[in-house]
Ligand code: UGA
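Coming up is one lone chain in structure tokens, specifically the form predicted on its own.
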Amino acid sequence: MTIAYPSNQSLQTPLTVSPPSGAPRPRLTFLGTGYLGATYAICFAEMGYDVLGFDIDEAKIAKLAAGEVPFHEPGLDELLRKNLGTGRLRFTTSYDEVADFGDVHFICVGTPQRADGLAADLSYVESAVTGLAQRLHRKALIVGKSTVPVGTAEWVEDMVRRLSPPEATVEVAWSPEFLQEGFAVEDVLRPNRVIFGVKSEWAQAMLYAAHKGVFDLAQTEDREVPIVVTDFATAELVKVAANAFLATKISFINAMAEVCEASGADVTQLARAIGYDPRIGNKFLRAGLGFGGACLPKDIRAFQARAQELGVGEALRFLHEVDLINIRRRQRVVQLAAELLERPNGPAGPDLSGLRIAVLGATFKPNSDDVRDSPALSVAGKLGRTGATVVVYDPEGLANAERELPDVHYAKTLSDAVSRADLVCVLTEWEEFRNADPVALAELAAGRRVIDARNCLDQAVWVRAGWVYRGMGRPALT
């Protein structure tokens, strides 16, 4: 069922329960303090909960305890330091401390793609649940937030049943996350929906109590936060189904970009025109380099793998093409570079030896330092393998990029990257790049050629400044 709690009415839960710890409100733990767990821990402390973050990585915990977020997320550093100061937020590497402290334990560990196939690696989930369950000595709720294959919650419940002491009567629930990097603080404090995958009224009531801070904030701001209460399997499918849909929409408009390039049409105008249709909408219709990051690519692959295991692989066969379209856009940038630099595209790719290429962007999206499965960094590597001298600049992701791709050069400023470049490639749509002055950059570059792989620049302005401009799925403008 869907329960919408209007902010102008009294918020009620079907069942009121007291936290097993005896605290006035549930004490929350977050196992895994990567991007997901650290963000949730900090933001729930901001809403007034007593929170304990856990990780086996001692260096990561030491950073967080010292007030340093180990990744870039706007606004999160300030909230971390504030809530450490209040005493509501602490971090630990001790499973015993987590078990003693918490009423609701959120599993927030990674589920990367397995090295031997498309399926998700659940070893981190297994380790976290195993480490916690055997130490629980009173009633508690273990809640999965990690993105997992459907059926995982039942597997976790079986583990908990086998490992936790019978007198603890530990229950399991699933409540997927929907964080967007760069907007994660807002997504936690002001979610557009909350999913409760539960089997009992007690679990539902505990999850409600654990999220009451979210509902109270919505009430003060006159907003609604829909709650969808459902079974385990549906709750698990919500996140992967949403990601599969978004990936499909992105790849659809990139497929249209391929058609536009062949026919002379403009994909930006096409996207604008179809986006006015309310059944389609204009979000996720920007053609460009495609999607990347730690979620969409591995989630759609794991979804396909799980569908095969369930005997319904044919139902998700289209996701294979979605993935292929996405990957093709990366090679298209290399082809465009060869065309602009007037070098032939041979069977082994173009030879761009002796040329200097500025790559603007290394992260998979702006307002993040995340380079995991980054299309920008993938293209930088492909350009480097053509023999060109590749110089990469990114406002936040340079340190991570250098570790991931050490075989190219890096610049500390936009100007340094563009200086003496024969070609400029905009691969991440940072505001610094969107607002860059093409006239000033033209004075620095050796050749006024630009590939706008995110269709984020003003084409007419750059052309007037003397640049030869190529966008993705857009005709040349003179």
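Owing to the predicted nature of the structure, the values given are computational and were not obtained by experimental measurement. Just count from 1 along the sequence shown to find any residue number.
The following text describes the form predicted in complex with this ligand, which does not appear among the structures shown.
Contact with this ligand in the model of the complex, defined as a heavy atom within 4.5 Å, is made by all three of K239, L246 and F364. In terms of contact with this ligand in the model of the complex, the residue from V170, A218, M256, L296 that brings a heavy atom within 4.5 Å is L296. The listed set W155, Y124, F178, F101 contains one residue whose heavy atoms approach this ligand in the model of the complex to within 4.5 Å, identified as F178. The chain is drawn here without this ligand; in the model of the complex, the stretch among 196-204, 331-339, 178-186, 110-118 whose residues come within 4.5 Å of it by any heavy atom is 178-186.
In the model of the complex, this ligand sits within 4.5 Å of a heavy atom of R454.
Among residues of the shown chain, G290 is one whose heavy atoms approach this ligand to within 4.5 Å in the model of the complex. In the model of the complex, R286 approaches this ligand with a heavy atom inside 4.5 Å. Put simply, V225 is far from this ligand in the model of the complex: not one heavy atom of it is within 4.5 Å.
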